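As a starting point, one isolated chain is supplied in structure tokens, in the form predicted on its own.
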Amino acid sequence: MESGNQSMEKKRKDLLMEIFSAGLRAVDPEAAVRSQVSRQGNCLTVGGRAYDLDYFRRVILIGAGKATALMAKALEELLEDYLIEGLILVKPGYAVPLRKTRVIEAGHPIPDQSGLEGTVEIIRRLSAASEKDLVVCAFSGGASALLPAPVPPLNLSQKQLTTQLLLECGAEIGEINSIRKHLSRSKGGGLARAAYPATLISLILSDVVGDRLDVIASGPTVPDDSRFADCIAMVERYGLASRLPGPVWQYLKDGAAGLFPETPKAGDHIFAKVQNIVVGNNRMALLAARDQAEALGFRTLLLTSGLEGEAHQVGRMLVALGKEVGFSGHPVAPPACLLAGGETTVTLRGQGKGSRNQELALAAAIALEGLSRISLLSAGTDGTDGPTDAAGAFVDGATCQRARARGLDPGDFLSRNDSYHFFESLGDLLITGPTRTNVMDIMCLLIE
């Protein structure tokens, strides 16, 4: 039989999972596409803009991202016989059977040869498009890694090492993508340039704070306002100049000196027939999670859908808010549910295994020690927290006590960035498997 403490722990996990799962359901990729796209006969309507499908010689579908297979499934059903062919790139485990669209599983978060070959094929198909063709794109989080096409004279191995260094340095996703865009033929408006003069519709499931179109998937069909000079400043800010592959650093410096062309900017003619539209985002997930928490009897406070910063600092901050609610009943009285969304970062100091949600949860567990009525779940909506098979982790006031009873030092695991093995030992990892959606992370804090 379960002890009283075990029973309470399971109850809290179940409540947190109910709330998190409601958020996931709200950003189902198929439903997200259908919320903005409809068809009656030959008239395709996207975000209120109508397209006469009979006008076009061909309709083709391309895309990349963790949620793109289900987005493509909805688009195949909407377009029916008008769709001639399709090609999308997804993370391994995120594919679904499609009728007309070829699905390639490729490397993520580090790009691989399959991604390179698939991206080159997408660029080839787009380059063959005419002004009488309609290109429908589906992009979601993960597309930046899945669409590698290094600019000459750079190669894939140099791009792989650069990506690894960028992911480890603690930079925000917008900073990372500014460099990705300048090293790529597909990003920063690259696919729009390849498709011109075709008409292009880009449907986007947002996985970045603020739904910035130039940042999501590194903006393959969007003007890029960053410049080579911004890339140079970012490399120097994080001390990467001596660590980048020599040809990459030289290319960025030569670009800043005007020896290579900039990415296409706003006003460029290649964007004249491009429609970019966000079909789903983190806030939609948070609103649904809030509704579920209220149905379960909690008073709720949606803090933000734009949470950023170092994961361990954010974890402590969320606990501080929870303590205030528990002690004073402000800004909301218990039983309460605080919700936040966004994407934190981790600056690696050790050689452990884990990522932002697990690190946030571990820092929160340390701050929660001894508090019996607060619990937290931090998890990625894509089902994978960085390079792990976990979406995130559960913690409460007894987490550290249970760890120490097993001879585990929470502070030591945090200092080594080894949150995965910490929570694996306790059975407190959240393992969802591929969710096939991606709208950043959800943090849920319950105060009883």
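This one's a predicted model, so the numbers in the text were calculated from it and none came from an experiment. Numbers for residues come from their place in the sequence shown, where the first is 1.
Just so it is clear, the following notes concern the form predicted together with another copy of the chain, a form of the same protein that is not shown.
Peer 1: Name the stretch: of 132-140, 270-278, 82-90, 301-309, exactly one has residues whose heavy atoms fall within 4.5 Å of another copy of the chain in the model of the complex.
Peer 2: That would be stretch 301-309.
Peer 1: Only one of 193, 373, 253, 283 comes within 4.5 Å of another copy of the chain in the model of the complex by heavy atoms, so just point that one out.
Peer 2: Here the answer is residue option 283.
Peer 1: Can you pick out, from 165, 104, 123, 287, the residue that has a heavy atom within 4.5 Å of another copy of the chain in the model of the complex?
Peer 2: That would be 287.
Peer 1: Can you tell me if residue 227 lies within 4.5 angstroms of another copy of the chain in the model of the complex, counting non-hydrogen atoms only?
Peer 2: Residue 227: no contact with another copy of the chain in the model of the complex.
Peer 1: Can residue 327 be called a contact residue for another copy of the chain in the model of the complex at 4.5 Å between heavy atoms?
Peer 2: Taking the distances in the model of the complex, the answer for residue 327 is yes, it comes within 4.5 Å of another copy of the chain.
Peer 1: With a cut-off of 4.5 Å between heavy atoms, is residue 313 one of the residues that contacts another copy of the chain in the model of the complex?
Peer 2: It does: once another copy of the chain is placed as it appears in the model of the complex, residue 313 has a heavy atom within 4.5 Å of it.
Peer 1: Are any of the heavy atoms in residue 170 no more than 4.5 Å from a heavy atom of another copy of the chain in the model of the complex?
Peer 2: Residue 170: no contact with another copy of the chain in the model of the complex.
Peer 1: Taking another copy of the chain in the model of the complex, would 318, 321 and 331 all count as contacting it (heavy atom within 4.5 Å)?
Peer 2: Yes, each of 318, 321 and 331 comes within 4.5 Å of another copy of the chain in the model of the complex.
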